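This document starts with one chain, in the form predicted on its own, laid out as structure tokens.
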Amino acid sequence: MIYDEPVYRPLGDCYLAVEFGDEADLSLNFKVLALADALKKANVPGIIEIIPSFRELGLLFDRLETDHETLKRAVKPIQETVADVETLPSRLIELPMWYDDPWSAELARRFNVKKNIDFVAECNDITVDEVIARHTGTDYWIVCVGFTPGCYFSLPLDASKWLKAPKYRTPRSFTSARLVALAGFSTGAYPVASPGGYQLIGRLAVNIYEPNSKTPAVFPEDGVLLHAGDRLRYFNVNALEYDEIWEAAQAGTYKYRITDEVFDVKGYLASRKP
């Protein structure tokens, strides 16, 4: 359900959530990000951190400066000014990835499961080559960033390119850094080695998290490259290309493909209508 009016919920003594609905619809995330952008510009007293998620915006606040009701009264008129989202700032980031990579295959052997990309192909009744073609055939909208530093959750903007696969029943105790994975219809990556239960389909040839960055012009101080509202476009590389790009990234000479753009939200939503 998409709410007619957002619901304000206290989630702890110094946290207020603004919830726009209870379903996984990109139109809700557009509202979340529009409000986040407006609140950053408004500099509302007491707000310490603004945290976008798929369908709600989290506001961490200082209890010595404000409270739930006072903050709600300050946020509501700002929210009403961005109720109809027409455009959003959105970077297009192109990421090189080795699909059907040996690390994913080795992890499948270690945890005694089918090679994940084969399983994804089976779930979607297509070939592995078609999985790769479909995954590189659309841009992905990042709805939120979290779980581990720089980890993101994203949805394909072209619904005809969707791939679906369930999570592991028992998550892996280890996943190599930079592996890209699919669960449900969401794509995400593991910025650092960690446990995980998504189906692995490839490995990025560049970092998306660098706390001590070799390319400070690209990575901010916190080391997290990607943000909610970014769009990702993956391109397939082979083993030799992967090695060349990884070596350049480690040397700080790789040129990240990042373009600042404005995303036509209104036009996109209109294109989804039957």
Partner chain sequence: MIEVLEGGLQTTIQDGGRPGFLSRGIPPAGAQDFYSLSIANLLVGNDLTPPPLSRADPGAAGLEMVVKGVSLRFLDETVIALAGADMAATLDGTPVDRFRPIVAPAGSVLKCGTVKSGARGYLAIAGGIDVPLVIGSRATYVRGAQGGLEGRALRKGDRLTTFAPAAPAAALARRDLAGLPSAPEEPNVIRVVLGPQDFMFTAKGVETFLTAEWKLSPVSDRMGMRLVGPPLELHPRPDYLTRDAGSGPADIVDDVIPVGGIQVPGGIEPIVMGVENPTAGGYAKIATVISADLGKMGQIPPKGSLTFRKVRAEEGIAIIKDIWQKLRDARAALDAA
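Predicted model, so just to flag it, every value in this text is computed and none were measured. Positions refer to the first chain, counted from 1.
FYI, the form predicted together with the partner chain isn't displayed, but the following is about it.
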(message) For the three residues Asp125, Pro156 and Val237, which mark the spot I'm curious about, does each lie within 4.5 Å of the partner chain in the model of the complex through at least one heavy atom?
(response) no
(message) Which residue, Leu226, Val206, Ala36, Leu232, is the contact with the partner chain in the model of the complex, using a 4.5 Å heavy atom cutoff?
(response) Leu226
(request) Name the single residue among Gly196, Pro96, Gly188, Gly150 that comes within 4.5 Å of the partner chain in the model of the complex, judging by heavy atoms. (result) Gly150
(message) Even though the partner isn't displayed, in the model of the complex is Leu179 close enough to the partner chain, meaning a heavy atom within 4.5 Å?
(response) no
(message) Can you tell me if Ile245 lies within 4.5 angstroms of the partner chain in the model of the complex, counting non-hydrogen atoms only?
(response) no
(request) Classify Phe61 as contacting or not contacting the partner chain in the model of the complex by the rule of any non-hydrogen atom within 4.5 angstroms, answering yes or no. (result) yes
(request) Give a yes/no on whether Glu210 approaches the partner chain to within 4.5 Å in the model of the complex, heavy atoms considered. (result) no
(message) Do any residues of 41-62 have a non-hydrogen atom within 4.5 angstroms of the partner chain in the model of the complex? If so, which ones, in sequence order?
(response) Gly46, Ile47, Ile48, Glu49, Ile50, Ile51, Pro52, Ser53, Phe54, Arg55, Glu56, Gly58, Leu60, Phe61, Asp62
